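Only one chain is given next, in structure tokens, and it is the form predicted alone.
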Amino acid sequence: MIDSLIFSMKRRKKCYLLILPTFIVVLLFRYYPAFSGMYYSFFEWDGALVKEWVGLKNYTESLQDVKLLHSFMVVGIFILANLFKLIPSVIVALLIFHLKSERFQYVYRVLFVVPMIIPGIVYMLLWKFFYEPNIGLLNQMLMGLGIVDVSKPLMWLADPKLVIPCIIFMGFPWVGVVSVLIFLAGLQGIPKSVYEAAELDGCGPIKRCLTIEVPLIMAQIRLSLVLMIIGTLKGFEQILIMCNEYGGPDGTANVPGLYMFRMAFMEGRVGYACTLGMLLFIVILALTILSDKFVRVDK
């Protein structure tokens, strides 16, 4: 057994040499930062010179941190909102898939890919301008309709009651480019024989969608769900650009990623930030396992 394994490795020596640079880069820029973050989470560290072993003190403090608990509650709201935002992507993918003209299908796929060229920060700044209280498009529209008093414009991103709904509303009508392409790929993988059998059974468009197409692209839906959960929990740049480093007024829209960023780069508590990163990793892992367990894919 061992001899055959050694012989096999010798035969594939060139292949291993080809993937070695990639393995080293992944190890250096992915695994090393992760393990070093785990190591420094047990230290009171400022990111430069001051480093003191504190054991589980950072973890104990984080479990009693009210701001951290609030940030997880906020990101939980965003996850629930983003869960519903997957529905328009499924609907749009179904509509494009059922276009009779293959040329139009191709055109729409291209049109969905084009916005990916635009940097994300430009997209966020446009929405920030949309919510601007004095010259923003939203207030201008509401003032023109007489809904909002010109002398008292709504402070969308500066109002604790409005900042979270404003961030959730961003991206309306919430058609995700990547999600649509993933769902389209799943729909194109459905055998034609399934549609022929459904047509013989007299299955209408709505019934076909609910009983055939959506169940058969459940693997793609689960993938999008996992990517959404990971992206929402890790992300903070949207809040940072739209509001500020504190998460808006009174920290209303503060999320764990933004709190970790502030601890590390503004308050100099890099060790505590590493602890927050480890807790965030545990939460992401737990939610990913739960979504994989409850969103079943029948083969």
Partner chain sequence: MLFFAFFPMYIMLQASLKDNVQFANNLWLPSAPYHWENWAVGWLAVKDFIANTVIVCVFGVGLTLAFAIITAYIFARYKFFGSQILFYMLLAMMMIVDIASLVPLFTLLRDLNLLNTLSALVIMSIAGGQVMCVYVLRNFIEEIPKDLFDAAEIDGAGDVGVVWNVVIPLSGSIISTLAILRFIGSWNDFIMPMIIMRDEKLYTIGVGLMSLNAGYDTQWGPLMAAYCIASVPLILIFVFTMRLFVKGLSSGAVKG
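What you see is a predicted model, and the numbers here were worked out from it, not measured in a lab. If you superpose the two forms and keep the largest set of C-alpha atoms that fall within 1.5 Å, you have the rigid core. Residue numbers count along the first chain shown, from 1.
Not pictured, yet referred to below: the form predicted together with its partner chain.
For the candidate set I190, M155, L126, L80, a heavy atom within 4.5 Å of its partner chain in the model of the complex is found for exactly one residue, namely L126. The partner is absent here; in the model of the complex, the one residue of Y195, F172, F104, F84 having a heavy atom within 4.5 Å of its partner chain is F172. In the model of the complex, its partner chain sits within 4.5 Å of a heavy atom of G37. Its partner chain is not drawn, but in the model of the complex it has no heavy atom within 4.5 Å of W53. For the chain shown alone, L28 is a contact residue for its partner chain in the model of the complex, at least one non-hydrogen atom being within 4.5 angstroms.
Its partner chain in the model of the complex comes within 4.5 Å of a heavy atom belonging to P119. Site residues C15, I241 and V270 are all in contact with its partner chain in the model of the complex, judged by any heavy atom within 4.5 Å. From the list 71-79, 109-117, 160-168, 196-204, the contact stretch for its partner chain in the model of the complex under a 4.5 Å heavy atom rule is 109-117. Along 81-99, residues P88, V92 each place a heavy atom within 4.5 Å of its partner chain in the model of the complex.
Comparing the forms between the shown form and the other one, the C-alpha position of R30 differs by 2 angstroms or more, with the core used for superposition. Positional change of L49 between the shown form and the other one reaches 2 Å or more at the C-alpha, relative to the superposed core.
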